[in-house]
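Here we start with a single chain on its own, the form predicted on its own, put down as C-alpha coordinates.
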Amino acid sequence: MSSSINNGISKYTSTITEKFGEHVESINEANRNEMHITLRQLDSAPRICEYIYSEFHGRLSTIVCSDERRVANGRFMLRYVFSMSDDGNDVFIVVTAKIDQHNSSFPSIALQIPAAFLYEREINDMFGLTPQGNPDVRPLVLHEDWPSGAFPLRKDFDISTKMPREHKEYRFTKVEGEGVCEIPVGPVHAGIIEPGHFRFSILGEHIVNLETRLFYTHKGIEKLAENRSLEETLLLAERISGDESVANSTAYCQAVEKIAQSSLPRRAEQLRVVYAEMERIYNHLGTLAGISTDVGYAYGSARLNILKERMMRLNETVTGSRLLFGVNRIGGVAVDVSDEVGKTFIEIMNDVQQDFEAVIALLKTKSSFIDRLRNTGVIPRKAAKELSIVGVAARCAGLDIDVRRDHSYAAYSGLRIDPHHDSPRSVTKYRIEMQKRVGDALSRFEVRVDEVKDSMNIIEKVLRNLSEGEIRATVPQENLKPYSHGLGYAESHRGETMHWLMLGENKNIFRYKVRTASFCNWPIIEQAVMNDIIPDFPLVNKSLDLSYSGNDL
(Lines give C-alpha, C1' and ligand atoms only; values in the text may rest on other atoms or scores of the structure.)
Protein backbone atom coordinates (compact mmCIF):
# COMPACT_ATOMS: atom_id res chain seq x y z
CA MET A 1 0.00 0.00 0.00
CA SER A 2 1.37 3.40 -0.93
CA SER A 3 2.12 5.97 1.76
CA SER A 4 -0.48 8.41 0.42
CA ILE A 5 -3.24 5.84 0.83
CA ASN A 6 -1.95 4.89 4.29
CA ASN A 7 -2.02 8.54 5.30
CA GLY A 8 -5.57 8.92 3.99
CA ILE A 9 -6.88 5.86 5.82
CA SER A 10 -4.96 6.80 8.96
CA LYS A 11 -6.59 10.22 9.04
CA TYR A 12 -10.09 8.77 8.79
CA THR A 13 -9.29 6.00 11.30
CA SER A 14 -8.15 8.38 14.02
CA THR A 15 -11.18 10.66 13.59
CA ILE A 16 -13.73 7.83 13.57
CA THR A 17 -12.08 6.17 16.57
CA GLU A 18 -12.08 9.40 18.55
CA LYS A 19 -15.68 10.30 17.79
CA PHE A 20 -17.39 6.90 17.55
CA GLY A 21 -14.98 4.51 19.30
CA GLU A 22 -17.63 3.02 21.59
CA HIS A 23 -19.82 2.16 18.58
CA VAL A 24 -17.04 0.58 16.49
CA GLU A 25 -16.11 -3.06 16.79
CA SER A 26 -13.13 -2.91 14.43
CA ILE A 27 -11.44 -0.86 11.72
CA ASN A 28 -9.41 -2.69 9.09
CA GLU A 29 -7.59 -1.87 5.87
CA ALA A 30 -8.04 -4.18 2.90
CA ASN A 31 -7.42 -4.46 -0.83
CA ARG A 32 -5.08 -1.47 -1.07
CA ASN A 33 -7.66 1.32 -0.72
CA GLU A 34 -10.57 0.04 1.37
CA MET A 35 -11.17 1.05 4.99
CA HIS A 36 -13.70 -1.23 6.70
CA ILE A 37 -15.54 0.00 9.80
CA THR A 38 -17.52 -2.78 11.51
CA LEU A 39 -20.16 -1.53 13.95
CA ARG A 40 -21.18 -3.05 17.27
CA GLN A 41 -24.84 -2.09 16.90
CA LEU A 42 -27.03 -1.69 13.84
CA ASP A 43 -28.56 1.51 15.25
CA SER A 44 -25.19 3.27 15.00
CA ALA A 45 -25.14 3.10 11.19
CA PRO A 46 -27.17 6.29 10.45
CA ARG A 47 -25.03 8.50 12.72
CA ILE A 48 -21.70 7.27 11.38
CA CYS A 49 -22.85 7.28 7.73
CA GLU A 50 -24.20 10.81 8.09
CA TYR A 51 -20.91 11.94 9.63
CA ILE A 52 -18.88 10.46 6.76
CA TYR A 53 -21.28 12.07 4.27
CA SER A 54 -21.44 15.54 5.82
CA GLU A 55 -18.08 15.97 7.57
CA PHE A 56 -15.79 13.91 5.33
CA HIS A 57 -17.77 14.79 2.17
CA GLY A 58 -17.98 11.10 1.33
CA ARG A 59 -20.07 10.24 -1.71
CA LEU A 60 -22.34 7.20 -1.30
CA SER A 61 -21.20 4.85 -4.08
CA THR A 62 -23.32 1.81 -3.26
CA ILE A 63 -24.99 -0.16 -0.48
CA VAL A 64 -24.35 -3.91 -0.45
CA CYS A 65 -26.66 -6.29 1.39
CA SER A 66 -25.74 -9.96 1.70
CA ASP A 67 -27.32 -12.98 3.34
CA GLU A 68 -24.52 -14.32 5.52
CA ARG A 69 -26.72 -16.16 8.01
CA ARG A 70 -24.90 -19.44 7.41
CA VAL A 71 -21.43 -17.97 7.83
CA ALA A 72 -21.84 -14.94 10.14
CA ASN A 73 -23.77 -16.26 13.13
CA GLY A 74 -27.18 -15.93 11.56
CA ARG A 75 -26.88 -12.40 10.23
CA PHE A 76 -27.53 -10.33 7.18
CA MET A 77 -24.79 -7.78 6.48
CA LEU A 78 -25.14 -4.22 5.23
CA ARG A 79 -22.12 -2.47 3.75
CA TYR A 80 -22.34 1.26 3.02
CA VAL A 81 -19.58 2.19 0.55
CA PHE A 82 -18.40 5.81 0.44
CA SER A 83 -15.93 7.28 -2.07
CA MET A 84 -13.55 9.74 -0.42
CA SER A 85 -12.10 11.25 -3.59
CA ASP A 86 -13.13 14.81 -2.61
CA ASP A 87 -10.16 14.87 -0.25
CA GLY A 88 -7.81 13.78 -3.01
CA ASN A 89 -7.46 10.34 -1.43
CA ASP A 90 -7.90 7.07 -3.29
CA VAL A 91 -9.92 5.60 -0.41
CA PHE A 92 -13.27 3.87 -0.03
CA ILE A 93 -14.79 3.80 3.46
CA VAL A 94 -17.02 0.75 3.97
CA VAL A 95 -19.33 0.88 7.00
CA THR A 96 -20.49 -2.64 7.90
CA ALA A 97 -23.61 -3.21 9.99
CA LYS A 98 -25.06 -6.54 11.11
CA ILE A 99 -28.75 -7.44 11.00
CA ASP A 100 -29.84 -10.36 13.16
CA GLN A 101 -31.88 -12.92 11.23
CA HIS A 102 -34.79 -12.41 13.65
CA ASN A 103 -34.87 -8.69 12.81
CA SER A 104 -36.68 -7.88 9.56
CA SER A 105 -35.78 -4.19 9.45
CA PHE A 106 -32.89 -1.73 9.61
CA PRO A 107 -32.72 2.05 10.18
CA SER A 108 -32.97 4.08 6.98
CA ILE A 109 -30.39 6.73 6.10
CA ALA A 110 -32.37 8.08 3.13
CA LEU A 111 -33.56 11.26 4.85
CA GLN A 112 -29.96 12.20 5.66
CA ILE A 113 -28.40 10.79 2.46
CA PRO A 114 -31.01 10.92 -0.34
CA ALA A 115 -28.95 8.71 -2.66
CA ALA A 116 -29.71 5.79 -0.32
CA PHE A 117 -33.45 5.69 -1.04
CA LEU A 118 -33.27 3.42 -4.12
CA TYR A 119 -30.73 1.07 -2.53
CA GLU A 120 -32.98 0.65 0.49
CA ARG A 121 -36.02 -0.09 -1.65
CA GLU A 122 -33.97 -2.65 -3.57
CA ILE A 123 -32.90 -4.32 -0.32
CA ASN A 124 -36.52 -4.42 0.84
CA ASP A 125 -37.50 -6.22 -2.39
CA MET A 126 -34.64 -8.66 -2.65
CA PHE A 127 -33.99 -9.52 1.03
CA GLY A 128 -37.26 -8.66 2.80
CA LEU A 129 -35.51 -6.20 5.13
CA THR A 130 -37.56 -3.04 5.64
CA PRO A 131 -35.78 0.35 5.88
CA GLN A 132 -37.46 1.96 8.88
CA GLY A 133 -37.85 5.69 8.25
CA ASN A 134 -37.68 5.57 4.47
CA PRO A 135 -40.84 7.39 3.30
CA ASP A 136 -41.12 5.26 0.15
CA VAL A 137 -41.02 1.48 0.48
CA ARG A 138 -42.99 0.66 -2.65
CA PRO A 139 -41.65 -2.23 -4.75
CA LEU A 140 -38.72 -1.24 -6.97
CA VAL A 141 -37.24 -4.33 -8.63
CA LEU A 142 -40.06 -6.82 -8.06
CA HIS A 143 -43.20 -5.67 -9.79
CA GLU A 144 -46.75 -5.89 -8.53
CA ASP A 145 -47.36 -9.44 -9.83
CA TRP A 146 -44.51 -10.81 -7.65
CA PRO A 147 -45.91 -12.76 -4.64
CA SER A 148 -45.43 -11.42 -1.13
CA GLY A 149 -42.90 -13.11 1.12
CA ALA A 150 -40.51 -14.32 -1.61
CA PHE A 151 -37.07 -12.68 -1.54
CA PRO A 152 -34.79 -13.73 -4.42
CA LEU A 153 -31.39 -12.86 -2.95
CA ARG A 154 -31.85 -14.79 0.25
CA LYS A 155 -29.78 -17.97 0.21
CA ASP A 156 -32.79 -20.16 0.86
CA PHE A 157 -34.52 -18.96 -2.33
CA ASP A 158 -34.15 -21.52 -5.12
CA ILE A 159 -33.49 -19.87 -8.47
CA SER A 160 -35.44 -22.58 -10.29
CA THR A 161 -38.64 -21.78 -8.36
CA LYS A 162 -41.66 -21.07 -10.58
CA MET A 163 -43.34 -18.14 -8.88
CA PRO A 164 -47.14 -17.73 -8.89
CA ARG A 165 -48.43 -14.34 -9.97
CA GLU A 166 -50.45 -12.00 -7.80
CA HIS A 167 -52.74 -9.22 -8.99
CA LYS A 168 -51.75 -5.98 -7.27
CA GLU A 169 -51.56 -2.36 -8.40
CA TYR A 170 -48.55 -0.07 -8.20
CA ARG A 171 -49.30 3.27 -6.53
CA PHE A 172 -48.01 6.10 -8.70
CA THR A 173 -47.78 9.56 -7.16
CA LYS A 174 -50.98 11.46 -7.94
CA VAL A 175 -50.69 15.16 -8.77
CA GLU A 176 -54.01 16.95 -8.45
CA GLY A 177 -55.15 20.44 -9.30
CA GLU A 178 -57.12 22.40 -11.84
CA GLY A 179 -55.87 21.75 -15.37
CA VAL A 180 -53.44 18.97 -14.40
CA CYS A 181 -53.48 16.02 -16.79
CA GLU A 182 -51.72 12.67 -16.62
CA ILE A 183 -49.95 11.03 -19.56
CA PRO A 184 -48.69 7.44 -19.28
CA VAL A 185 -45.88 6.52 -21.68
CA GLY A 186 -44.71 2.92 -22.03
CA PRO A 187 -43.63 0.45 -20.86
CA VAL A 188 -43.86 -0.72 -24.49
CA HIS A 189 -42.55 1.97 -26.85
CA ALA A 190 -42.90 2.63 -30.55
CA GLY A 191 -39.12 2.59 -31.05
CA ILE A 192 -36.87 -0.45 -30.81
CA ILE A 193 -35.89 0.15 -27.20
CA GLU A 194 -36.30 -1.73 -23.97
CA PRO A 195 -39.37 -1.21 -21.76
CA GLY A 196 -39.72 1.55 -19.21
CA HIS A 197 -42.82 3.33 -17.93
CA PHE A 198 -42.99 7.12 -17.59
CA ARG A 199 -45.95 8.74 -15.82
CA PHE A 200 -46.14 12.46 -16.65
CA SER A 201 -48.28 15.05 -14.90
CA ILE A 202 -48.62 18.15 -17.04
CA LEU A 203 -50.15 21.57 -16.81
CA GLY A 204 -50.76 22.73 -20.34
CA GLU A 205 -47.61 21.60 -22.15
CA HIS A 206 -45.33 21.88 -19.14
CA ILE A 207 -44.22 18.89 -17.08
CA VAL A 208 -44.95 19.37 -13.38
CA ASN A 209 -44.07 15.84 -12.31
CA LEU A 210 -42.52 12.70 -13.77
CA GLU A 211 -42.36 9.30 -12.16
CA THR A 212 -40.37 6.47 -13.73
CA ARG A 213 -41.04 2.75 -13.38
CA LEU A 214 -38.26 0.44 -14.50
CA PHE A 215 -37.01 -3.15 -14.02
CA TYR A 216 -39.24 -4.65 -16.71
CA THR A 217 -36.13 -6.41 -18.05
CA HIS A 218 -34.79 -7.65 -14.71
CA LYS A 219 -32.47 -10.55 -15.52
CA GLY A 220 -31.50 -11.82 -12.07
CA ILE A 221 -27.77 -11.35 -12.73
CA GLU A 222 -26.81 -11.33 -9.05
CA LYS A 223 -28.75 -14.52 -8.32
CA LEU A 224 -27.45 -16.22 -11.45
CA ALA A 225 -23.90 -15.55 -10.27
CA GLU A 226 -24.31 -17.45 -7.00
CA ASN A 227 -22.17 -20.60 -6.85
CA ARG A 228 -20.75 -20.00 -10.32
CA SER A 229 -17.05 -20.05 -11.05
CA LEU A 230 -15.08 -16.85 -11.46
CA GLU A 231 -14.75 -17.38 -15.22
CA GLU A 232 -18.47 -18.10 -15.69
CA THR A 233 -19.35 -14.94 -13.78
CA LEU A 234 -17.04 -12.89 -15.99
CA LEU A 235 -19.28 -13.83 -18.94
CA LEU A 236 -22.31 -12.61 -16.95
CA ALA A 237 -20.56 -9.35 -16.08
CA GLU A 238 -19.82 -8.64 -19.75
CA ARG A 239 -23.47 -9.11 -20.64
CA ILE A 240 -25.07 -6.89 -18.02
CA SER A 241 -25.37 -4.25 -20.72
CA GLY A 242 -23.93 -4.89 -24.17
CA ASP A 243 -22.56 -1.39 -24.66
CA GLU A 244 -20.70 -1.49 -21.31
CA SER A 245 -18.96 -4.84 -21.75
CA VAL A 246 -15.46 -3.46 -21.14
CA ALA A 247 -16.40 -1.31 -18.15
CA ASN A 248 -18.29 -4.09 -16.39
CA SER A 249 -15.74 -6.79 -17.12
CA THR A 250 -12.93 -4.46 -15.99
CA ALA A 251 -14.67 -3.73 -12.69
CA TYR A 252 -15.40 -7.43 -12.12
CA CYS A 253 -11.86 -8.55 -12.95
CA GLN A 254 -10.46 -5.82 -10.75
CA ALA A 255 -12.53 -7.04 -7.77
CA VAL A 256 -11.15 -10.57 -8.19
CA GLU A 257 -7.61 -9.32 -8.71
CA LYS A 258 -7.77 -7.20 -5.55
CA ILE A 259 -8.93 -10.18 -3.50
CA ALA A 260 -6.14 -12.29 -5.00
CA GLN A 261 -3.57 -9.50 -4.46
CA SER A 262 -2.63 -9.96 -8.09
CA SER A 263 -0.54 -7.48 -10.09
CA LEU A 264 -1.21 -7.07 -13.81
CA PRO A 265 1.53 -6.83 -16.45
CA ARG A 266 2.03 -3.23 -17.54
CA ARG A 267 1.03 -4.05 -21.12
CA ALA A 268 -2.26 -5.53 -19.89
CA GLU A 269 -3.01 -2.40 -17.87
CA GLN A 270 -2.37 -0.24 -20.93
CA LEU A 271 -4.54 -2.39 -23.18
CA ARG A 272 -7.42 -2.19 -20.70
CA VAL A 273 -7.22 1.58 -21.06
CA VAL A 274 -7.26 1.31 -24.87
CA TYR A 275 -10.32 -0.97 -24.91
CA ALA A 276 -12.16 1.15 -22.34
CA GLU A 277 -11.62 4.31 -24.37
CA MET A 278 -12.67 2.52 -27.58
CA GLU A 279 -15.94 1.69 -25.82
CA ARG A 280 -16.33 5.28 -24.69
CA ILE A 281 -15.83 6.67 -28.21
CA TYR A 282 -18.37 4.59 -30.11
CA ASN A 283 -21.01 5.08 -27.42
CA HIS A 284 -20.54 8.84 -27.20
CA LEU A 285 -20.79 9.03 -31.00
CA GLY A 286 -24.05 7.10 -30.86
CA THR A 287 -25.47 9.38 -28.18
CA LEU A 288 -24.49 12.51 -30.11
CA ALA A 289 -26.19 11.04 -33.17
CA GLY A 290 -29.30 10.34 -31.09
CA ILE A 291 -29.36 13.92 -29.84
CA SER A 292 -29.21 15.13 -33.43
CA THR A 293 -32.10 12.81 -34.31
CA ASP A 294 -34.24 14.08 -31.44
CA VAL A 295 -33.88 17.70 -32.52
CA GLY A 296 -34.93 16.73 -36.03
CA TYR A 297 -31.55 17.18 -37.75
CA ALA A 298 -31.26 13.95 -39.72
CA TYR A 299 -28.14 14.95 -41.65
CA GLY A 300 -26.10 15.43 -38.48
CA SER A 301 -27.40 12.14 -37.12
CA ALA A 302 -26.47 10.26 -40.30
CA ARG A 303 -22.94 11.67 -40.32
CA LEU A 304 -22.36 10.79 -36.67
CA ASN A 305 -23.82 7.30 -37.04
CA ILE A 306 -21.43 6.68 -39.93
CA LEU A 307 -18.55 7.56 -37.61
CA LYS A 308 -19.95 5.26 -34.92
CA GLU A 309 -20.10 2.44 -37.46
CA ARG A 310 -16.50 3.08 -38.49
CA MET A 311 -15.40 2.86 -34.87
CA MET A 312 -17.37 -0.33 -34.30
CA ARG A 313 -15.73 -1.88 -37.38
CA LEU A 314 -12.40 -0.81 -35.93
CA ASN A 315 -13.41 -2.54 -32.68
CA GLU A 316 -13.94 -5.74 -34.63
CA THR A 317 -10.67 -5.38 -36.54
CA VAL A 318 -8.66 -4.93 -33.35
CA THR A 319 -10.47 -7.30 -30.95
CA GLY A 320 -12.72 -9.54 -33.04
CA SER A 321 -15.90 -8.08 -31.53
CA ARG A 322 -17.89 -5.00 -32.51
CA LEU A 323 -19.05 -4.69 -28.87
CA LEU A 324 -15.61 -5.55 -27.45
CA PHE A 325 -16.75 -8.79 -25.84
CA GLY A 326 -14.03 -11.09 -24.57
CA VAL A 327 -11.19 -8.57 -24.26
CA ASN A 328 -10.78 -8.85 -20.47
CA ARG A 329 -9.63 -11.85 -18.50
CA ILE A 330 -8.93 -12.21 -14.79
CA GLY A 331 -5.28 -11.27 -14.50
CA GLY A 332 -5.10 -9.21 -17.68
CA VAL A 333 -6.54 -9.19 -21.20
CA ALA A 334 -7.17 -11.82 -23.85
CA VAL A 335 -6.46 -9.68 -26.92
CA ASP A 336 -3.11 -8.13 -27.80
CA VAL A 337 -2.44 -5.30 -30.25
CA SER A 338 0.53 -5.75 -32.56
CA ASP A 339 2.65 -2.82 -33.74
CA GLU A 340 1.17 -3.10 -37.23
CA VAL A 341 -2.43 -3.15 -35.97
CA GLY A 342 -1.60 -0.24 -33.64
CA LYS A 343 -0.39 1.91 -36.52
CA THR A 344 -3.48 1.12 -38.60
CA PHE A 345 -5.63 1.82 -35.56
CA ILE A 346 -4.13 5.30 -35.11
CA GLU A 347 -4.48 6.14 -38.82
CA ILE A 348 -8.16 5.16 -38.95
CA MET A 349 -8.92 6.91 -35.67
CA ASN A 350 -7.25 10.12 -36.84
CA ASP A 351 -9.38 10.05 -40.00
CA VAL A 352 -12.48 9.59 -37.85
CA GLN A 353 -11.39 12.47 -35.63
CA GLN A 354 -11.04 14.85 -38.58
CA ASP A 355 -14.51 13.95 -39.87
CA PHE A 356 -15.90 14.22 -36.33
CA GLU A 357 -14.57 17.73 -35.84
CA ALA A 358 -16.07 18.76 -39.19
CA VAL A 359 -19.52 17.42 -38.20
CA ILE A 360 -19.41 19.10 -34.80
CA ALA A 361 -18.33 22.40 -36.35
CA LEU A 362 -21.35 22.13 -38.66
CA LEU A 363 -23.75 21.37 -35.80
CA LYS A 364 -22.50 24.35 -33.81
CA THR A 365 -23.37 26.69 -36.68
CA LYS A 366 -27.03 25.59 -36.64
CA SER A 367 -28.88 27.91 -34.30
CA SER A 368 -31.99 25.70 -34.42
CA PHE A 369 -29.87 22.79 -33.15
CA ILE A 370 -28.17 24.73 -30.35
CA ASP A 371 -31.37 26.48 -29.25
CA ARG A 372 -33.16 23.15 -28.73
CA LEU A 373 -30.37 22.03 -26.37
CA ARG A 374 -29.74 25.22 -24.43
CA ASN A 375 -31.58 25.31 -21.07
CA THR A 376 -33.36 22.04 -21.84
CA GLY A 377 -33.21 19.24 -19.28
CA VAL A 378 -31.40 21.29 -16.63
CA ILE A 379 -30.04 19.27 -13.70
CA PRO A 380 -29.88 21.29 -10.46
CA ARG A 381 -26.43 20.92 -8.89
CA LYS A 382 -27.92 20.35 -5.43
CA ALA A 383 -30.07 17.47 -6.70
CA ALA A 384 -27.12 16.01 -8.61
CA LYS A 385 -25.02 15.95 -5.45
CA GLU A 386 -27.76 14.61 -3.18
CA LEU A 387 -28.61 11.77 -5.57
CA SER A 388 -24.90 10.98 -6.14
CA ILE A 389 -25.25 10.97 -9.91
CA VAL A 390 -22.13 10.12 -11.90
CA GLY A 391 -20.45 10.45 -15.29
CA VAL A 392 -21.21 13.07 -17.90
CA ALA A 393 -24.48 14.00 -16.16
CA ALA A 394 -22.59 14.83 -12.96
CA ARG A 395 -19.76 16.68 -14.67
CA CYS A 396 -22.26 18.82 -16.57
CA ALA A 397 -23.87 19.77 -13.27
CA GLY A 398 -20.52 20.96 -11.90
CA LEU A 399 -19.52 17.82 -9.98
CA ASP A 400 -15.90 16.95 -10.74
CA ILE A 401 -16.21 13.14 -10.59
CA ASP A 402 -14.29 10.65 -12.71
CA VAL A 403 -13.19 7.26 -11.33
CA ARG A 404 -10.35 7.05 -13.87
CA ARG A 405 -8.69 9.89 -11.99
CA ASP A 406 -10.22 9.70 -8.49
CA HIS A 407 -9.56 5.98 -7.96
CA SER A 408 -7.11 5.27 -10.75
CA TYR A 409 -6.99 1.72 -12.10
CA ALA A 410 -5.33 -0.07 -15.03
CA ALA A 411 -2.85 2.45 -16.56
CA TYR A 412 -4.91 5.60 -15.90
CA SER A 413 -2.67 6.81 -13.06
CA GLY A 414 -0.08 7.95 -15.61
CA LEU A 415 -2.57 9.78 -17.81
CA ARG A 416 -4.49 13.01 -17.63
CA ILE A 417 -8.10 12.19 -18.35
CA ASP A 418 -9.50 15.74 -18.38
CA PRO A 419 -10.35 17.13 -21.83
CA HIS A 420 -7.73 19.62 -23.08
CA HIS A 421 -5.20 17.74 -20.98
CA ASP A 422 -2.09 19.04 -22.74
CA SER A 423 -1.04 21.23 -19.80
CA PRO A 424 -1.92 21.78 -16.11
CA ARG A 425 -3.05 25.30 -16.94
CA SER A 426 -5.57 24.10 -19.52
CA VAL A 427 -6.87 21.45 -17.07
CA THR A 428 -7.47 24.16 -14.48
CA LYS A 429 -9.29 26.24 -17.07
CA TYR A 430 -11.45 23.25 -18.00
CA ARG A 431 -12.43 22.66 -14.37
CA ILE A 432 -13.36 26.32 -13.94
CA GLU A 433 -15.52 26.06 -17.06
CA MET A 434 -17.13 22.90 -15.67
CA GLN A 435 -18.23 24.77 -12.55
CA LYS A 436 -20.03 27.27 -14.80
CA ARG A 437 -22.04 24.61 -16.63
CA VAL A 438 -25.78 24.69 -15.99
CA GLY A 439 -26.39 20.97 -16.38
CA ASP A 440 -28.51 21.27 -19.54
CA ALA A 441 -28.59 19.14 -22.70
CA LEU A 442 -26.17 21.54 -24.40
CA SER A 443 -23.64 20.99 -21.61
CA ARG A 444 -23.98 17.23 -22.01
CA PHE A 445 -23.52 17.58 -25.77
CA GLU A 446 -20.38 19.68 -25.35
CA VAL A 447 -18.84 17.42 -22.72
CA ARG A 448 -19.38 14.32 -24.86
CA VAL A 449 -17.68 16.08 -27.77
CA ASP A 450 -14.71 16.88 -25.53
CA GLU A 451 -14.59 13.33 -24.20
CA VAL A 452 -14.54 11.78 -27.68
CA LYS A 453 -11.48 13.88 -28.55
CA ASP A 454 -9.90 13.15 -25.19
CA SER A 455 -10.40 9.39 -25.58
CA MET A 456 -8.76 9.48 -28.99
CA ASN A 457 -5.78 11.34 -27.53
CA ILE A 458 -5.49 8.82 -24.69
CA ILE A 459 -5.59 5.84 -27.06
CA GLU A 460 -2.94 7.33 -29.34
CA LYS A 461 -0.66 8.16 -26.41
CA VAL A 462 -0.97 4.65 -24.94
CA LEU A 463 -0.46 2.84 -28.25
CA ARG A 464 2.63 4.90 -29.06
CA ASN A 465 4.13 3.99 -25.66
CA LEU A 466 2.92 0.40 -25.34
CA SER A 467 5.19 -1.63 -23.08
CA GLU A 468 6.65 -4.95 -24.09
CA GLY A 469 5.75 -8.11 -22.22
CA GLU A 470 2.92 -10.42 -21.28
CA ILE A 471 -0.75 -9.48 -21.41
CA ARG A 472 -1.94 -11.76 -18.60
CA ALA A 473 -0.57 -12.77 -15.21
CA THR A 474 -1.21 -15.91 -13.21
CA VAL A 475 -3.62 -15.15 -10.36
CA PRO A 476 -2.41 -16.48 -6.95
CA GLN A 477 -5.09 -19.07 -6.17
CA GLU A 478 -3.99 -19.39 -2.53
CA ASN A 479 -5.21 -15.83 -1.87
CA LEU A 480 -8.76 -16.58 -3.07
CA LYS A 481 -9.98 -17.54 0.37
CA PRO A 482 -13.60 -18.33 1.30
CA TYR A 483 -15.64 -15.24 2.24
CA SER A 484 -12.93 -12.79 1.26
CA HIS A 485 -14.33 -9.83 -0.63
CA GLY A 486 -13.27 -6.90 -2.76
CA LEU A 487 -14.53 -3.84 -4.57
CA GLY A 488 -14.01 -3.28 -8.30
CA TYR A 489 -14.84 -0.14 -10.26
CA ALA A 490 -14.54 1.48 -13.65
CA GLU A 491 -15.64 4.62 -15.47
CA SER A 492 -17.99 3.59 -18.27
CA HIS A 493 -19.18 6.11 -20.85
CA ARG A 494 -22.15 6.63 -18.50
CA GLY A 495 -20.08 7.02 -15.33
CA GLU A 496 -18.90 5.13 -12.27
CA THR A 497 -19.64 1.40 -12.23
CA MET A 498 -19.23 -0.52 -8.95
CA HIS A 499 -18.87 -4.30 -8.54
CA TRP A 500 -18.60 -5.92 -5.09
CA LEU A 501 -17.67 -9.56 -4.85
CA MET A 502 -17.53 -12.13 -2.04
CA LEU A 503 -16.10 -15.58 -2.62
CA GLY A 504 -17.63 -18.75 -1.23
CA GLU A 505 -16.32 -22.25 -0.89
CA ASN A 506 -14.29 -23.74 -3.77
CA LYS A 507 -13.50 -20.23 -5.09
CA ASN A 508 -17.05 -19.83 -6.42
CA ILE A 509 -19.22 -16.74 -6.07
CA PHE A 510 -21.01 -16.27 -2.74
CA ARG A 511 -22.39 -12.77 -3.37
CA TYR A 512 -22.04 -10.50 -6.39
CA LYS A 513 -23.40 -6.96 -6.17
CA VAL A 514 -23.42 -4.69 -9.24
CA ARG A 515 -24.29 -1.01 -9.39
CA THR A 516 -23.95 0.58 -12.81
CA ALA A 517 -24.08 4.29 -13.56
CA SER A 518 -27.66 4.04 -14.81
CA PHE A 519 -28.95 2.99 -11.38
CA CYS A 520 -27.60 6.26 -9.95
CA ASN A 521 -28.65 8.43 -12.86
CA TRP A 522 -32.18 7.30 -13.71
CA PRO A 523 -33.74 9.26 -10.79
CA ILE A 524 -32.26 12.55 -12.00
CA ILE A 525 -34.36 12.54 -15.16
CA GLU A 526 -37.38 13.23 -12.96
CA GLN A 527 -35.68 16.46 -11.89
CA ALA A 528 -34.24 17.35 -15.29
CA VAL A 529 -37.58 17.51 -17.13
CA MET A 530 -39.33 19.74 -14.62
CA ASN A 531 -40.96 22.69 -16.43
CA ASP A 532 -39.84 21.41 -19.82
CA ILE A 533 -42.50 20.44 -22.34
CA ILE A 534 -43.44 16.90 -23.32
CA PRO A 535 -41.77 17.08 -26.78
CA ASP A 536 -38.44 17.78 -25.02
CA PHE A 537 -38.52 14.52 -23.06
CA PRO A 538 -36.94 12.30 -25.77
CA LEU A 539 -34.11 14.83 -26.13
CA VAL A 540 -33.50 15.03 -22.38
CA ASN A 541 -33.61 11.24 -22.13
CA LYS A 542 -31.12 10.76 -24.96
CA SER A 543 -28.76 13.44 -23.65
CA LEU A 544 -28.53 11.53 -20.35
CA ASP A 545 -27.84 8.24 -22.19
CA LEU A 546 -29.51 6.02 -19.59
CA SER A 547 -29.57 2.25 -19.97
CA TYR A 548 -32.57 0.03 -19.21
CA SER A 549 -30.57 -3.19 -19.28
CA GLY A 550 -27.74 -1.69 -17.25
CA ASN A 551 -30.28 -0.73 -14.58
CA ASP A 552 -32.52 -3.80 -14.65
CA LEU A 553 -30.02 -6.34 -13.39
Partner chain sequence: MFEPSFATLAAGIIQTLVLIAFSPLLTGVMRKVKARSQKRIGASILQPYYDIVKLMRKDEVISDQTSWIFKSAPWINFAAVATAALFVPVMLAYSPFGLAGDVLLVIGLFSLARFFTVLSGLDSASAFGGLGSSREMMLSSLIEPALFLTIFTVSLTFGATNITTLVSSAAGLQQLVTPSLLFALISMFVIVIAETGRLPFDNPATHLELTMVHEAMVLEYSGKLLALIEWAQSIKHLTLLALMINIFFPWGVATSLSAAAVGEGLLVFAAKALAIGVIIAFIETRVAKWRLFRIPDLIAIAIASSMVGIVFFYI
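Only a predicted model underlies this, so the values are computations on that prediction, with no experimental measurement involved. Numbering follows the first chain given and starts at 1.
This protein has a second form, the form predicted together with its partner chain, left out of what is shown; the following refers to that one.
The stretch among 375 to 383, 265 to 273, 334 to 342, 401 to 409 whose residues place heavy atoms within 4.5 Å of its partner chain in the model of the complex is 375 to 383. Between its partner chain and the residues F157, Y297, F325, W146, the one pair within 4.5 Å by heavy atoms in the model of the complex involves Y297. Out of the listed residues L224, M126, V185, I360, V185 is the one that sits within 4.5 Å of its partner chain in the model of the complex by at least one heavy atom. Proximity of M163 to its partner chain in the model of the complex: non-hydrogen atoms within 4.5 Å are absent; the residue sits far from the partner. In the model of the complex, at least one heavy atom of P535 sits within 4.5 Å of a heavy atom of its partner chain. Taking the partner from the other structure, its partner chain in the model of the complex has a heavy atom within 4.5 Å of a heavy atom of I306. Using a 4.5 Å cutoff between non-hydrogen atoms, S368 counts as a contact of its partner chain in the model of the complex.
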